[in-house]
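Laid out below as structure tokens are two forms of one and the same protein chain, each shown alone and named structure 1 and structure 2.
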Structure 1
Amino acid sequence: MIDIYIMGRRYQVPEGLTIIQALEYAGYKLIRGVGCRAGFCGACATIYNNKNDPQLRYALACQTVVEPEMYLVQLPFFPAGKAFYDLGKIKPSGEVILNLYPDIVKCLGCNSCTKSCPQDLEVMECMSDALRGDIAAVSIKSFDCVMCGLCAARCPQGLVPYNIALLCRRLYGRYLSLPSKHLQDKIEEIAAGEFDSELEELKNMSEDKLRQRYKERTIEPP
């Protein structure tokens, strides 16, 4: 058993648990701040440090194992600004990025956003690319972003790198990426009703049969 501190209160938990497992072991019922438990959804952003060490560290609670004398707090939501736009009415340009997120010009290049990213993304580079209007570069470099918000929480200028990167990925997907014939063919098949009977069959299945069908599904090779 090891000692950890949750919101300033000491708890003893078994060694080897993830932060989420330790929270639940300590009696916390997680409603917010927990999601896929696999490092993909970004819902369990956590800030922590260790006793007698003021250095703040950043992690996803489902992927980080507790350490002795860890002081932690979760950050399931950060009140960062988000621009509203109609993707069909804007164009993929640097001017659009600046119009929607004008504060991006205040970036100090301090790299706090990169240091806080639990995905080890080069967030500051993404912001530099966004300032230059290089939407494709931002999309590629931010592809693994899970929208946890820790970069915005640490930015001294109040920027929202993850929302800026999301805008770029949407612009790239809508206007710049090559069309997928496979996807278009599948959409046309769905619109023509080719899968209606199969969908109806699934809707009428019991939960046990659905689970069995899922286990027996054919998985395409990568």
Structure 2
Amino acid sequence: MIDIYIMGRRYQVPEGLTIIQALEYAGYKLIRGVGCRAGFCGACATIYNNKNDPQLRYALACQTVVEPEMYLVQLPFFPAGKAFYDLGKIKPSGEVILNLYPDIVKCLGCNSCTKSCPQDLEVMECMSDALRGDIAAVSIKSFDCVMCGLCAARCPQGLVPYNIALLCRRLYGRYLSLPSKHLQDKIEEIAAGEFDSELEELKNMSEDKLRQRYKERTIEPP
């Protein structure tokens, strides 16, 4: 058993648990601060340090194993600002980013956001890319963001990097990524009813015949 401190109170928990498991072992029935339990939803953002090392560290509680003498607290919610926009009515430009998130110019370059990211993303770089209007770069670099909110919580200037990055990715997806011709073609073919008779035939087919058709289908190489 090891000692950990949850919001300052000491608990003894077995070694090897994740922080989420340790909280539950200690008796907390979680409502906030828990979600997918697999590292994707960002609900369990956690801030911690150790008894003998005041340096703050950041983690997803479901993906991090408890250490002896860990002092931890979860970030159940953070009042991060979000710009409201109609994606269909804005343009993919640096000017739009600046209009929607004017505080971005206040970035001090302190790198607190990057240091706080439990996904190890280059958050500050994303912010300087966004400032320059390089939407593609932000999209690529921020892609693995789980929107846990730690970057916004740590930014001394009140920036909300994860929402700025989301704006950039949405602009990229809608406007900058080249359209897929074969997708468009297929949508038109479906609308024109090109597959209706074949689907109707399959729908009304006896199970035996359908099984036969299934067995005979060709499988495209990967």
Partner chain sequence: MYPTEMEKSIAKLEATRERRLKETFPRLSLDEIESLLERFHPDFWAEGTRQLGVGPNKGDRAPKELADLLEGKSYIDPDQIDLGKIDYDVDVLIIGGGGAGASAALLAQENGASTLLVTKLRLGDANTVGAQAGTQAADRPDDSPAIHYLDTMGGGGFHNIPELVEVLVKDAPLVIRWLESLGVNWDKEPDGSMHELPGGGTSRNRMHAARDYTGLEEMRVLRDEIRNRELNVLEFSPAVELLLDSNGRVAGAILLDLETNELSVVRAKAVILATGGSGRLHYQGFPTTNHYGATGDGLVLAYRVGAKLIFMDTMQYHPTGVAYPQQILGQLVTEKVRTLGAQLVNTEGEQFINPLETRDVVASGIIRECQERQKGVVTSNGQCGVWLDSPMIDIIRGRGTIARELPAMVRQFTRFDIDITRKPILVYPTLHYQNGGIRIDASGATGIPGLFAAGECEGGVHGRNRLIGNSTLDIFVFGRRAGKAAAQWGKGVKPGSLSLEHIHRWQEETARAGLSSRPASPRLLPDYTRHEQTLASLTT
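Note that the rigid core is defined as the largest set of C-alphas that superpose within 1.5 Å between two forms. Computed from a prediction, not measured in an experiment: that's the story for all the values here. Numbers given to residues start at 1 and step along the sequence of structure 1.
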Does structure 1 or structure 2 depict the form predicted on its own?
1
CA superposition split between structures 1 and 2, Val146 and Ser197 in same rigid part:
no
Rotation (degrees) of the smaller of two rigid parts between structures 1 and 2, from C-alpha fits:
37
Quick one: CA shift at Ser180 between structures 1 and 2, core fit, Å?
3.6
Please give the CA displacement of Ala191 between structures 1 and 2, in Å, after core superposition.
7.8
